[in-house]
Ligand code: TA6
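Given next, in C-alpha cells, is a single chain: the form predicted on its own.
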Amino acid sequence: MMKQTLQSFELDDELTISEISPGFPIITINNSHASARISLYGGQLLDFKPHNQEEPLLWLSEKGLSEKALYSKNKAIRGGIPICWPWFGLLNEDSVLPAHGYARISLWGVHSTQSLSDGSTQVVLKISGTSTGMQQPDLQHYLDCNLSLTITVSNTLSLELQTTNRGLSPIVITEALHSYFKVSDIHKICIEGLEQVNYLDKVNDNMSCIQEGAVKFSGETDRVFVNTQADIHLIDYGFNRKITLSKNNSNSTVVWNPWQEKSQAMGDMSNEAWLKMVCIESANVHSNKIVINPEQSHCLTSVIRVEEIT
C-alpha cells in the first residue's frame, strides 16, 4: 500500500520512487538539467549532479548508503545533506538524545512533486513533531511543530526548510542543512567568503577566533562561524570548479572536516574519506538560535550552484 501511494507521485521519465531496501524509499530525479536522489528516511538529499559536471557536487559515504545498505532505524546517513533539527549537535552537555535532533532519523512523507516550466523538478516533503518520536517530557514543546522541505533540482540546487509553530508558546530551535561536498583533494581546496568572520573553534575548546584569509585545511577542522549571511565559495583546483553556497535566513556557517584519525574511527566512513569531502553548512546555531512565535514560521534556504574556475 505504501509503495502504491508513493508511486502516485512519480513523474513520467523524470521522477521515480523505489525502495533501496525494505522501508527505505528513495526518490530518483533525472531531468534536462541534472540528476539527484532523495531519501525519505531523513528527508535527505543524497546526490546532486548537473549534467555539465563530470563529478557529483555532493559526497556520500560508500559505507553510508549503497545498494546493499539496510534500513537502519535511528542511524543517520553519512553524506549528502542531512537535516539537523530542532537542535544542532547535542541538546545539552549531558543529553543522551540523538545528536543533531530527530529530523535526520525520521521517515518523511511526500507532499507533492512537480515538473516546472523551465525543466526543473520540485519535491515537497513534510513531517510533524509528533511523527519524529520526540515523546520525552522535555521535548513536548516541539510536538506542535510542522516541518517542510522543498527541494528544487535544476542546474542549481535549492533547499527550503520551513518550521511552523502550531503551539501556544514560542519555541527555540537551532538547525543546519549539513551539506557534504565532494572535493578532489582536501589539500587542493579553499573556502572564500568567511574572511574576518568570528568563529568558535570546536577543535580547541570552542575558542573564539577571527578567520584570517580563506579557509584552508591542514588538520581536523570544526568551526562555527557566527553572525554571517555571506555567500560561501568552495574553490576546488583539482576539479577546476567553484561551488557557491548562497543562503537566506541563516546567520551561521559551519565548516567541518574530521581529518585522518577521526575519519578512520568512524564506522560509516572509509579510511581515506576525509581526503574527498568537506562540510559547509547553512545554519542557525549557538548565539544565532531562532525563536518562533505561535502560528509563525521560519524558513532556512540554501542554494548551490557550480561554475568553472576562470
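All residue numbers refer to positions in the sequence shown, first residue = 1. Please read all numbers here as calculations on a predicted model, not as lab measurements.
Below, we refer to the form predicted in complex with the named molecule, which is not included among the displayed structures.
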Quick check on this chain: which one of K188, R166, H111, K202 has a heavy atom within 4.5 Å of the named molecule in the predicted complex?
K202
Of W256, W274, W59, Y41, which residue is found within 4.5 angstroms of the named molecule in the predicted complex when only non-hydrogen atoms are counted?
W256
Quick check: do H100, H178 and D222 each get a heavy atom within 4.5 Å of the named molecule in the predicted complex?
yes
Given the stretches 235-243, 191-199, 178-186, 124-132, which is the single one in contact with the named molecule in the predicted complex, using a heavy atom cutoff of 4.5 Å?
178-186
Though only this chain appears here, would H141 touch the named molecule in the predicted complex if you measure heavy atom gaps against 4.5 Å?
no
Tell me, yes or no, whether F88 is in contact with the named molecule in the predicted complex, where a contact means a heavy atom of each within 4.5 Å.
yes
Near the named molecule in the predicted complex, with a heavy atom at 4.5 Å or closer, the residues from 272-295 are E281
